[in-house]
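Given next, in C-alpha cells, is a single chain: the form predicted alone.
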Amino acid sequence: MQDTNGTEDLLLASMAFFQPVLDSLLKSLGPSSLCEIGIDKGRFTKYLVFFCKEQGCHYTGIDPAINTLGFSNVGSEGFQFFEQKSGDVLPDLPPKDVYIIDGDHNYHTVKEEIRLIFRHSEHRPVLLFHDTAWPFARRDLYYDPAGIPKEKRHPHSLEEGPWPGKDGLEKDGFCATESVGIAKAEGTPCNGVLTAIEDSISQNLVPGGYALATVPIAFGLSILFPERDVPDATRDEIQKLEASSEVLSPLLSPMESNRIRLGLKLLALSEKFDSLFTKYDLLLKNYNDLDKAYSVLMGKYKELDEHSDKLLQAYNGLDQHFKAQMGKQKA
C-alpha cells in the first residue's frame, strides 16, 4: 500500500510480517545462497541482508527500481542487485538454494519465474511465495500491464480494486489508488499467483517430490519445498506452520477478512482526510491572498484619506479667504 499519513503498514502487505516464523525456518535450512524477487520498499530485504551477513549466505536481489531503495551497495561482498525484471535476470542467474518470490503478482510472471528457476533438472531449491491468499491467489495484478503479453493478460482495471466478499472491483478497493492493473474477474483459468504455482506443479514444471504448504494470512505465504531434500528441522518447521494454519483456519479466515476490511475503510477515510486537508490548504492560501490584497487596499485607502484631509484643509483655507474677500467688498 502507498505511504499516506503513516498508513503504509495498515494492511501489513509485506513478507516482513512473516519474519518471526521464517527466521527459524531459514536458519534450519542453512542456505549458502538466496534470491529475493521483488523488493518494493525493502522491509523484508533489510532482514534478509542482515540474515545473509550473519549466516555467510550470498544474497541476490531483483527489482526494476532497486537504486531508489538504498540497497544497491551494502558495503561488502556476497551481495548482488539487479535493477531489472526477473524474466531478464533468471535465465543467466546461477541456481540458488532459496528463492523469495514477491514480485509481479500475476499468473504469467510467476509461472515463468518457476519455469526459469527449475530449468536445471538437478536443482532442488526451496521457494517462498507471497500473495497466495486473497486477493491475488486467484486474480492477476499487473504492475506493468504493457509488459505482459496481450494473450496472457486478463481484462483489467487501472482505477479499481477488489473488496472482500465482492466479486467485482470497487473504486475504494485494495490497490485501487496505486495505478496498477487488476484483473476484473477472479477464479478464471490462468489467473492469480496460487493458480500459477498449482498449475506449475500439475504441468510438471516443478520436479517430482515437491510439496506445497500455505499460511493464509497477511495475503498469504506459500512454501514450495522438496520434502526429502530439506533438513529434518526445516521439514518440521514447515509442518508445524501448516498444521497450525489448518487448526486455526476457522479463526484466521474471518480475522483476515475483518483486518482487510478495517484497513481499507481506514485508508478510504485517510484519503478523504487528505482531500479535505488539500481543500483547507487551498482555502487558507486564498484567505492569505485576500488578506494581502486587503492590506494593499488599506494602504491605498490611508493614502487617499490623507490626501482627502489635505484637500479639505485647502478647501477650508480657500473658503475662509473667499469669505474674507466678500467681507471687504461689502465694507
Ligand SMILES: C[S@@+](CC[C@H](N)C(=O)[O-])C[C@H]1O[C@@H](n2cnc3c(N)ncnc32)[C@H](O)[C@@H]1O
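Heads up: residue numbers just count along the shown sequence, starting at 1. This structure is a prediction, so every number in the text was calculated from the model and none was measured.
Form predicted together with the ligand: not shown, discussed below.
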- Can all three of I62, A65 and D104 be found with a heavy atom no more than 4.5 Å from the ligand in the predicted bound form? yes
For this session: Find out whether any non-hydrogen atom of L34 is located within 4.5 angstroms of the ligand in the predicted bound form, and reply yes or no.
Result: no
So in the predicted bound form, does I39 come within 4.5 Å of the ligand, heavy atom to heavy atom? yes
ask   = Applying a 4.5 Å heavy atom distance criterion, does R124 contact the ligand in the predicted bound form?
value = no
### Query
Though only this chain appears here, would Y143 touch the ligand in the predicted bound form if you measure heavy atom gaps against 4.5 Å?
yes
Assert contact_stretch over 254 to 262, 200 to 208, 82 to 90, 183 to 191 against the ligand in the predicted bound form, heavy atom within 4.5 Å, equals 82 to 90
